[in-house]
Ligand SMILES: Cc1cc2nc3c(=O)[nH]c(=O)nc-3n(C[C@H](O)[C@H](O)[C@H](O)COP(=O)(O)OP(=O)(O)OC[C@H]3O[C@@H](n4cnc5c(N)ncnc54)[C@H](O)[C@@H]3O)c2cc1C
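We begin with a single chain expressed as structure tokens, specifically the form predicted on its own.
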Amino acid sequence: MPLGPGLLDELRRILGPDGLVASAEGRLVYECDMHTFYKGAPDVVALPESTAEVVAIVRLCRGERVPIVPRGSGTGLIGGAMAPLGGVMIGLNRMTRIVEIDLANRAATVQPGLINLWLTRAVQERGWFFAPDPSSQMVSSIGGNVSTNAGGPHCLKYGITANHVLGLELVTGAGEVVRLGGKVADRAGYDLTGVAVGSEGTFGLVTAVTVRLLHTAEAVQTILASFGSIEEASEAVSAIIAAGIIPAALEMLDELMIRAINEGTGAGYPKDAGAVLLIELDGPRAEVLAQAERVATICRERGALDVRVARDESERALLWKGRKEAAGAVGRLAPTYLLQDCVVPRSRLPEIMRALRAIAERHRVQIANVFHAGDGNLHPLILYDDRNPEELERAKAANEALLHACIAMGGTITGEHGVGLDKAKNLPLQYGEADLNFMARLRRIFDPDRIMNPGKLLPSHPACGEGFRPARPRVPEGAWI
């Protein structure tokens, strides 16, 4: 094992005999996140249960110049929670406590390993919920959501993770514990909480999160509207927003995705539709009923083939089951896919959909689409067979063309998944050299020795100063880029 026996002995002293995963087969479990294209197993996995243990591990690794890779549930889609250079992976899965529920201040403080959905389940009987709802919320950790600034279907109305994080406890790459933000709404000084959310483990490890809780809405109504084409559905999206209606969620699925979902989940989406909109409204009952009627009218005016309102909670859950399990259902269409989460301005949805079709034809790939139409956050799945190297290369070329198209339309390369290893090379499409230089200098304030998640987020530009290489590289130079 590349790590010295002294370091391993010290890790065992800090964590106890059950706090390390050191076997080859055990470490293999941690070699990738859900984006299995990028793989790299750590030299050892540390499983702390407290902030004090995290501090001790970081200080030990800093002294030995050993890279650290933070990891939550491993549900990320950017190659962010794998170890291209080996080193110590710090898994936060054992830090799952709800430290405090403070309904008087509409807040809760939790450890980073707490599963997203568990927090809502802990407060829902009292009429509260935690709004950020990535599709992986049944298994993704709140610490991981903070790391990538995750979104979800309901971020259209309620905002992404950053809008719901009030404070953080962070162990920096220097081994210092800093406490950022808090329950007070307006705090003096710089918004360091906002800076840390979305930093993808390059500043340090989040060991506690104080989040905002919201009241459960009085009424919820879910509508499924089908259209002959994705362009017609896109026009309906713009018309709904232009009418001053902000749905809690406004999702779109294309014909290929509808077929996969119907076969995989039995959600019963219309088989003859070129696209469907899944629209959810919530709020005071009278307002929701009036808005639902107006939304249905707008959809029909824009050529909807059918408008269906969920009659009860079970039908609503079935409609959402199809959306939440869309990525898994795609396995019926192809053995593998590349999933992106780029963004365009909402008004340019019809244009980017035409561009996607042209990209698919040019590179001879199939692209299934499911996305947060309300805020222009696309989730195209580029289908390919990984047993055929030529198909993989075509899928990768289509992926790059897609990102370039979104930037050209005034968009961004990520809306909620983050950058990680997957899109670091694309960051210069969006930022100039001065921007990247500033980000690199900010990163080094938190992580002066560049041991935190090296190779992620900012490795693609010489201005970034990403020069960390361990004394004994764990993989051949360039093999992980």
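Treat the numbers as computed from the prediction; the structure is a model and nothing was measured. Start at 1 and count along the sequence shown; that's the residue number.
Beyond the structure shown, there is the form predicted in complex with this ligand, which is absent from this document and is the topic of what follows.
- Partner proximity in the predicted bound form, defined as non-hydrogen atoms within 4.5 angstroms of this ligand, places exactly one of 140 to 148, 380 to 388, 359 to 367, 393 to 401 at the interface: 140 to 148.
- For a residue to qualify, one of its non-hydrogen atoms must sit within 4.5 Å of this ligand in the predicted bound form; none of Q340, P350 and G376 qualifies.
- None of I279, A83, V206, V276 but one reaches within 4.5 angstroms of this ligand in the predicted bound form through a heavy atom, and that residue is V206.
- Of the residues given (T265, T193, Q221, S136), S136 alone sits with a heavy atom within 4.5 Å of this ligand in the predicted bound form.
- Among heavy atoms of L77, some come within 4.5 Å of this ligand in the predicted bound form.
- Remark: D254 does not count among the residues lining this ligand in the predicted bound form, judged by a heavy atom distance of 4.5 Å or less.
- With a 4.5 Å cutoff on heavy atoms, E416 counts as touching this ligand in the predicted bound form.
- Although the partner is absent here, L250 sits far enough away that none of its heavy atoms falls within 4.5 Å of this ligand in the predicted bound form.
- In the predicted bound form, L92, P112 are the residues of 88 to 114 with at least one heavy atom within 4.5 Å of this ligand, listed from first to last.
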